[in-house]
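Take a look at this single chain in structure tokens; it is the form predicted alone.
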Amino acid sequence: MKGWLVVNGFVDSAKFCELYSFLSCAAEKRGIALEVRKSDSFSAPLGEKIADVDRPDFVLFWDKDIRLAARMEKEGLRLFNSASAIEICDSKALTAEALTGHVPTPRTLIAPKTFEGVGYNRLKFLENAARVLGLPIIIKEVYGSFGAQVYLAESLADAEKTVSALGHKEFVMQEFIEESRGRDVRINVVGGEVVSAMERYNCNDFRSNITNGGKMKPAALTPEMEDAAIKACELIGLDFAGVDVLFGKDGPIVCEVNSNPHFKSSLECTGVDMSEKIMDHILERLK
């Protein structure tokens, strides 16, 4: 069996390359020839086939290039994850829309649209957000990773300062879950099953991300946590994902869903190699 591991052609850090190595090794163990293909190596014009020759049996799409993913699917290639699932996870606005009303999520407002060169030159809408969601309030850029584009505004003045600095970037506003300040659970799901979970915690930051200095320990999941994570993946149509779950006063709250999860920390914490589970899932689906 042959597959392509499609990765971003412009991100070449050791952190990402290590993940690609995990996935390639897991494939090799199962007799799968997994070829790493960078996204910028595909140059077929629109209307011409990307995979005209040397067609793979599947594509493990470890990137967020939605246009490329959609073209591959149009040519009949089976992607893990699908273009639509990656697109939903990549946008915090689309994620909130997909999950709200189906699983517990933070109350969310999507910022009104503005344009480059205009920006958010009127901030009256933030008063309404503060009234509806309360303070402090979470402000998240729609596109971002590792918690770097997530901000906590303790006051309306803080929110105005944060938004003014965003230029024309899209963002969402969410209620702050005080019970989960600086901690959450990363739940890794593959093929509709929870395969590992770790609790992340940070005493010095409202975000729990390991990249921001958070620590980790194996998590003891409740049935409600497992159900919420699995349901979130079903709603979005994911083959695999890392689901971030908050500790709400009335139970678990799904915060974010990651279609291309960085699972090294989970491996170090739990001993479970998510790449092995992903490859087993691909083989099962392609039977």
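No experiment lies behind these values; they were computed from the predicted model shown. Just count from 1 along the sequence shown to find any residue number.
Form predicted together with a small molecule: not shown, discussed below.
- The partner is absent here, but in the predicted complex a heavy atom of 208, alone among 188, 208, 95, 81, sits within 4.5 Å of the small molecule.
- 246 is the sole member of 235, 32, 221, 246 with a non-hydrogen atom lying within 4.5 angstroms of the small molecule in the predicted complex.
- Within 4.5 Å of any heavy atom of the small molecule in the predicted complex lies no heavy atom of residue 71.
- Within this chain, residue 91 is remote from the site of the small molecule in the predicted complex, having no heavy atom within 4.5 Å.
- Using a 4.5 angstroms limit between non-hydrogen atoms, residue 174 touches the small molecule in the predicted complex.
- With a 4.5 Å cutoff on heavy atoms, residue 255 counts as touching the small molecule in the predicted complex.
- Partner contact region in the predicted complex: 139 to 147, out of 156 to 164, 125 to 133, 139 to 147, 96 to 104, criterion any non-hydrogen atom within 4.5 Å of the small molecule.
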